[in-house]
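Quick setup: one chain, the form predicted on its own, written in structure tokens, and binding and motion questions come after.
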Amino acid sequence: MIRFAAVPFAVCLALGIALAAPVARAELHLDLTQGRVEPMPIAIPDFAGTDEGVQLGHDITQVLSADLERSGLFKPLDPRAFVDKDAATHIPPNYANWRVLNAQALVTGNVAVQPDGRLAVEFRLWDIFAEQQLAGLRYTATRQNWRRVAHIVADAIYKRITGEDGYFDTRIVYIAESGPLEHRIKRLAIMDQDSANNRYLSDGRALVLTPRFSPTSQEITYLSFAHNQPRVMLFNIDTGQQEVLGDFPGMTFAPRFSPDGNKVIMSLAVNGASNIYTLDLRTRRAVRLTDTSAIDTSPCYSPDGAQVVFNSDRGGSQQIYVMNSDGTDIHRITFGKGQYGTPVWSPRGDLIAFTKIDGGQFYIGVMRPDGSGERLLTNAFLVEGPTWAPNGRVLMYFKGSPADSEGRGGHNRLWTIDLTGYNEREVPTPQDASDPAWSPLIP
């Protein structure tokens, strides 16, 4: 487990600097409850450093800036316009140099390589117009984890300005696809949320589907078709160890962890019907939650573990249902046009994301847990498999393009979109990609 030490510091007190009290002004803040937000201009000069710290300071600044820019909430200013090239070494900064650029916030920092080889990274966040420091933190980490430091700094800035947790120090597990459409090779793959550090967790000899993170981010559950036998698997990211969660008489699919990590919920298909089961990871005891001749699948717990959302065709068409976690009080929540599937509860518990098919088009949308307030965020020839960032602010999914008459094309790629329906962006991957799952913040 990677650990970072974060120690707050009061710059002015520590250095004995007396500052004139600025004119009273409302604290810098982005209100995310107002729908679309204009990006905040923010200046991020290269973190200062000496020797090896110079390049590391530049690299950390680039990753930090890219994180904030991709969120759609911040607009990092062009460094070529900076008047003060050495802002990171000034405490406090010359606010006038940044007001002329209309920067509302400034991030300064420095990187030092300690005698033991570890990095010490400090940053400060400044409100330019109120002329005050908003945040200051110090982190220590091994040199190879400099990217994580950048993501953690981005999370701290995001939270200080918006009031919501960030989501940059996270990973994505997904299905990497290659080969012709009629014989696709599908492998487990994992990467940082910004597409860095991509690596493959399986060799492609067995078809794999629906990977999902545990609450600790250290394990993945997924469906494997090794030797043409569908099995729910558990994969430890750190050790690479895999194990079969259970051999069932039918096909098991769509596994997900419970919020406490003690159970996996999944569908089990027997004789044309699919029902929802839970499997206790400690006792390996399976419990059946639904009992129907229809197809119940894609179960997902609410964040508190009290309820489960799933899709079913028990009413004649594929719709979304909610039940208590013990299988009682099953009730339908979608009654609109079209078919609904792949429901996923927001980490905040306030919304459920879903895939909708209507009029030959696929949509990604969200609704409240009672089915009200449906909003469609994006649509295309194929969009499917939504997954939430851990702060419940951003969704990732995969988008497919149609193949031509000779089977060319038909690529699947990962995309993100803000909860407001804006800031839709492709997430680069080395190969085609589908079925993403977003991790919690890395411990």
Partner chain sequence: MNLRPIGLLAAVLLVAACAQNPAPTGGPAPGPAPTRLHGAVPGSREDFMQNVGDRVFFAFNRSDISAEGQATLQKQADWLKRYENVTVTIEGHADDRGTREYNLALGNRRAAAAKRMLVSLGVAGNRIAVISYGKERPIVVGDNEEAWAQNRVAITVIN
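Numbering follows the first chain given and starts at 1. Note that this is a predicted model, so its numbers are computed, not measured.
This protein has a second form, the form predicted together with its partner chain, left out of what is shown; the following refers to that one.
Visitor: Since the chain is shown here on its own, which stretch among 202 to 210, 137 to 145, 237 to 245, 155 to 163 would lie within 4.5 Å of its partner chain in the predicted bound form, judged by heavy atoms?
Guide: Heavy atoms within 4.5 Å of its partner chain in the predicted bound form occur in 202 to 210.
Visitor: Just checking whether residue 269 would be counted as a contact of its partner chain in the predicted bound form - the rule being heavy atoms within 4.5 angstroms.
Guide: Contact check for residue 269: yes, within 4.5 Å of its partner chain in the predicted bound form.
Visitor: In the predicted bound form, is there a heavy atom of its partner chain that lies within 4.5 Å of any heavy atom of residue 360, even though the partner is absent here?
Guide: Residue 360: contacts its partner chain in the predicted bound form.
Visitor: Using a 4.5 angstroms cut-off on non-hydrogen atoms, would residue 374 count as touching its partner chain in the predicted bound form?
Guide: No, residue 374 sits far enough from its partner chain in the predicted bound form that none of its heavy atoms falls within 4.5 Å.
Visitor: Using 4.5 Å between non-hydrogen atoms, is residue 230 touching its partner chain in the predicted bound form?
Guide: Close contact exists here: in the predicted bound form, residue 230 approaches its partner chain to within 4.5 Å, heavy atoms only.
Visitor: Would you mind picking the one in 337, 80, 282, 183 that has a heavy atom within 4.5 Å of its partner chain in the predicted bound form?
Guide: Result of the distance check: 183.
Visitor: Could you spot which one of 51, 31, 404, 38 gets a heavy atom to within 4.5 Å of its partner chain in the predicted bound form?
Guide: That would be 404.
Visitor: Counting only non-hydrogen atoms and a 4.5 Å cut-off, give the residues of 296 to 334 close to its partner chain in the predicted bound form.
Guide: Counting only heavy atoms within 4.5 Å of its partner chain in the predicted bound form, the contacting residues of 296 to 334 are 297, 298, 311, 313, 314, 316, 318.
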